[in-house]
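A lone chain, given as C-alpha cells: the form predicted on its own.
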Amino acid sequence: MGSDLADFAVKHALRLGATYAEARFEKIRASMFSLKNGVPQLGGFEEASGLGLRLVFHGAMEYCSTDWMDKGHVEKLVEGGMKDAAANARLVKDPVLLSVEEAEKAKWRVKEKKKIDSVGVDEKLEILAGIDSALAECEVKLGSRFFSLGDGTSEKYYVNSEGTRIASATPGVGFYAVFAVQDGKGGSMQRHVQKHETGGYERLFAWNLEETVCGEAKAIGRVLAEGVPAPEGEISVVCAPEVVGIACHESVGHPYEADRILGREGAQAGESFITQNDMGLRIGSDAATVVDDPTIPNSAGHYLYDDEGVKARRKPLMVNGVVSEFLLNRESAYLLGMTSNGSARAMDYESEPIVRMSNTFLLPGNYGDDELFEGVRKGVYVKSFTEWNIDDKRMNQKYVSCEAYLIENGRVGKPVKRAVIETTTPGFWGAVEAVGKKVECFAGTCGKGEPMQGVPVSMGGPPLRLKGIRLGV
C-alpha cells in the first residue's frame, strides 16, 4: 500500500504541473532498553510509517510529509505542497535545478543471521545486566553508569518522476554506554562507548561488550592513578584509530559537504574553510588519503542507494593530502557542474534528504604497529579521546585524550593525563608521516540540519604518526 501511495503522489504532482517529484515511503520498527546504575529504565517501542514528498514547481522546491496513509489524504498533501511551492516560486531568484542522473531500479536488503525479531525483551535486558555486572566486578571505583541497547528495521520505497524505483530494508543494532571512573581522591573521568552496525543480533554478539567495557574502565582507572603530565615542546604523536576517525569525520568529512561549501548550512550546521574552487588544493601530506564509503557491508552508515535514488559508491575526499571530491546531492552537484555521488540522506520520512557522510576513514599505509613507535625519542600515544572541539569552518580543532601513554625511545610507557592535540586541519593532516596497515572504525551519530537530523555513521582508519606536534594543556 505504501508503495502504491508513493507512486500516486508522484503522478498527481506531475498532473498538477510539477517539473520534478519524488516520494519516499518508510516503515520503521524499533525498540530501545536502558539500564542506569543497575536499574532498568523505561523501555521504548516504536512502529511508524509515513510518506515524504519533494517536488519542484517553477524553480521552487517544497518538502512535505504525512503519516496519514490513505489516498485522499496523500492527494491533499500533494495539492498543499504544490500550493506552497507556487507561493514560494514568486520569491525565487535562482531556480532549483537537479543534476541529471541515470534512472535506477533496484531492490536490496541487509541480511540478518540472528534476526532482530528473534531476540526477546528478557534477553535484551539480560545483555545489559551482564555488562553492568562485568563492570561492577572489574576492580575500579565507579561513579554513575548508563547503558542502552537499541535495534530496528527501516523499510523504504523510493520513486521519482524520472523513472527511479528503489526498495530496501535495513535492520540494525546499536549499543551506547557512558560511565565515570573515580580515583578516590576527587578526580574522575568519563568514557563513552558507542557501537552500531547494520544486520541482526549476530553483529552485537561479536562485540564482546562485557570485555570491552571492563577493559575501558580499567584503562581509565590506570590513567587516573598513574597518569603523568604530557611532555612539552614539539613531539611525535601516535593516534589510534578512534582519534584518527574523529579527525576524519570532523576535519575532512564535514568541510567537504557541498551544502556547507555553497553556504546553505551556514546558519544551521556551520560553514567550511573549503571553497568550490579548491579542488586540487593540498591540505595534508602524501601519506593521508581519506574516503567516504557507504557500500561497506554491515557498517553503521551502510546503503546501496541514497535517499535521492542515486547509486552509492566510494568517494575519495582527500587523496595523498589533496582535495579530490566533495560530498554531493543532486542540487549541489548541478550548481557545481557535476553529477551526484550518492551522498543525500534523510533521518526519516519526515525529513528532507541533505548532504551527509556515511563511513569516513583514512586508508591504510605500509607501517606495522611497532614501526609507528620506532624512532620516536619523545612522544605520546593517544588511544582514545574524551572531548573534541572544532570551529564553525572546520579549521581550528582540539582533541583531549582519555587513554594515552608516553613514548620514550620507541617504547610505550606510563599513562598520560589529558594530552591535548590542538591544531588546525592543515596542521593535523600535514603532520602525518606514517600510516599503519589495519583499519578499524567506530560508530557515531552525526547531527546536522534544521530541524536537526541524526544519522548513523562510522569513522576510523589505521593508526598514524604525526610529527612536530605541540600538545596543549
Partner chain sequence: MAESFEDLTAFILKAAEKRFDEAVVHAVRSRGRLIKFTNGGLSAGRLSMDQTASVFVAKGKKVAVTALKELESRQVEKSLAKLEKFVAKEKPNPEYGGIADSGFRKMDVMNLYDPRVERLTGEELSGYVSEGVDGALSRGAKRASGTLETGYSKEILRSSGGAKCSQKSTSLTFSLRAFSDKDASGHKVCVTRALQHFKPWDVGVNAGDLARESMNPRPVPAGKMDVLFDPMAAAVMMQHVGEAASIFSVEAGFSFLEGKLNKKVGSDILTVFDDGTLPGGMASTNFDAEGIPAQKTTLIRFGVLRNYLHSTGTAKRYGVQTTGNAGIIHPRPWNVVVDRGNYDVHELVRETRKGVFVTNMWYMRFQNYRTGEFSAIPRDAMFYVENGRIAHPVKGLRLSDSMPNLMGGIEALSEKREQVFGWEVETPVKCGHMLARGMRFTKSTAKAGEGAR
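Numbering follows the first chain given and starts at 1. Note that this is a predicted model, so its numbers are computed, not measured.
Although it is not shown, the form predicted together with its partner chain is what the next lines describe.
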| item | value |
| --- | --- |
| Its partner chain in the model of the complex: contacting segment from 372-380, 167-175, 272-280, 131-139, heavy atom within 4.5 Å | 272-280 |
| Listed residue that, although its partner chain is not shown, lies within 4.5 Å of it in the model of the complex (heavy atoms), from Glu325, Glu352, Glu101, Glu210 | Glu352 |
| Contact residue in the model of the complex, chosen from Lys107, His73, Lys114, Arg313 - any heavy atom within 4.5 Å of its partner chain | His73 |
| Non-hydrogen atom contact Thr295 with its partner chain in the model of the complex at 4.5 angstroms | no |
| Distance check, Gly44 to its partner chain in the model of the complex, heavy atom within 4.5 Å | yes |
| Asn320, heavy atom within 4.5 angstroms of its partner chain in the model of the complex | no |
| Partner contact for Glu202 in the model of the complex: its partner chain, 4.5 angstroms, heavy atom | no |
| Residues within 4.5 Å of its partner chain in the model of the complex, restricted to 452-473 and counted by heavy atom | Met452, Gly468, Arg470, Leu471, Gly472, Val473 |
